[in-house]
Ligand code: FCB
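We begin with a single chain expressed as structure tokens, specifically the form predicted alone.
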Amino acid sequence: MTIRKTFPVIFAAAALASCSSDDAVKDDGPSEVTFPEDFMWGSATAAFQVEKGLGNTDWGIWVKTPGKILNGDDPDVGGPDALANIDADVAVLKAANQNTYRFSIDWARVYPTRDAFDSDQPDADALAAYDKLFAALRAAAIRPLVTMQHFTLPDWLSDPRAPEEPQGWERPETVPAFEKWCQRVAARWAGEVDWWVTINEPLVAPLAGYVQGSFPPGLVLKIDRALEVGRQEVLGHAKCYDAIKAADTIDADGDGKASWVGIVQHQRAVEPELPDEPADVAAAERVRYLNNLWFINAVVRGDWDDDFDGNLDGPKDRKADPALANRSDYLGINYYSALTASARGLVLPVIDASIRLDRLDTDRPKTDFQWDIYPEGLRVILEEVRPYNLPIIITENGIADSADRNRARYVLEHLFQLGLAREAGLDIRGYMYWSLLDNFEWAHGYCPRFGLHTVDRATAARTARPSTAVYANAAKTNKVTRAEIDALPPYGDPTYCE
């Protein structure tokens, strides 16, 4: 999950005119929705946000840079320390009736130096820690959903202290190195994992890092570099997909398929700031394509829109490229809220639009991040991906709600929309709440509270919030009723932290 994705788009263009936010179905329909017995109920985390000792990453350097993190927060101080609390985390997953846990394996923890990676000498303590996590999950009958790269990169590939030099995915060695990383992880843990994520939210990090400046390497409005990162991530995903498929031939779940490999996209319900203004409507279509569809088009259909103009007629564009097509067995969707697009204000190049994600001029209730609470928007973005005809997992959905006054209603209303989407024929396999724990939320440190469980900053003790029981009941009964939602208090005012 990322914080305050102020520029969530800039990677490609070409409108999908089929599903605007005005099309959201506010259906009075059934009194309940149900989910199948094998539905994946779970929670999500990411290594850097819940582990300690990752100072040898680009983010590890970033958090030590004065002024980059709210309140000077540090993931090594007062965080969940997940690898030292594996039994506690598996216990709270089990207690909440969850059968799936999405987490990431950190590249820099396993290979702390370039020499270690080049000689394939993984860190023994890192392997032991992740082995312990897998063993605990297996004993509890909890399915792992494993992410290969969740924002952070080893400092030997990405160093924000030299931002003017090529960093991370800009470097020519990163894609082949990532391919090797994926192959090695899949080979080692093939017997434990059937569900893999290559890259989490591939368009968010370059936009935050090269356009907004809140992520490493901390640059502003370096559009060309951001676009190149997006291109390289497509290539990296495809190489990782092939590597996992070649390395993981073991059916760990016993469900008849050895490996499901997918991309995880951050999707927003995109709306024009002024619905009656044609320029804003056109801007929203450009943003929708850029944020929601460009990457998927490349890795599912093989459509390489190199110049991000929405047409496959450029000199470097390719249609149905066999090296890219059919490289996602399912779509991982992270959904939190809506955004508005306008033809006025800070209009960004390529996308030719300005974007707003928080404090939208709507009458919807807000989260602690001042994001709109918009469950119907989940239906909107799910309908956008219907044409790809792939299974779907909601890999993140959650709310910053330190008082826990709105979380229960938020979860049930989004699950209800998910159930309606399933009834409408979408193949939705699971739902991962973000997050299992209060954690380090990138540039906003420990300020936002997304967790189903609080974490004591001194002892790291986990405590379930009251809303956890509501989610646990949905997972136990495989259903959500309108009566349950109606019995909850209405949304209250947020408590935004600065």
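These figures come from a predicted structure and were not determined experimentally. Start at 1 with the first residue shown and count on from there.
Keep in mind that the form predicted in complex with the named molecule is not shown, yet the notes after this line are about it.
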{"property": "Interface membership of Asn200, the named molecule in the predicted complex, 4.5 Å heavy atom rule", "result": "yes"}
{"property": "Contact of His150 with the named molecule in the predicted complex (heavy atom, 4.5 Å)", "result": "yes"}
{"property": "Touches the named molecule in the predicted complex: Glu396 (any heavy atom, 4.5 Å)", "result": "yes"}
{"property": "4.5 Å heavy atom contact, Tyr336 to the named molecule in the predicted complex", "result": "yes"}
{"property": "Proximity to the named molecule in the predicted complex, single hit among His266, Arg379, Arg109, His237 (heavy atom within 4.5 Å)", "result": "His266"}
{"property": "Selected contact from Trp59, Tyr471, Trp434, Tyr431, since only one has a non-hydrogen atom within 4.5 angstroms of the named molecule in the predicted complex", "result": "Trp434"}
{"property": "In the predicted complex, segment of 65 to 73, 32 to 40, 463 to 471, 436 to 444 with a heavy atom within 4.5 Å of the named molecule", "result": "436 to 444"}
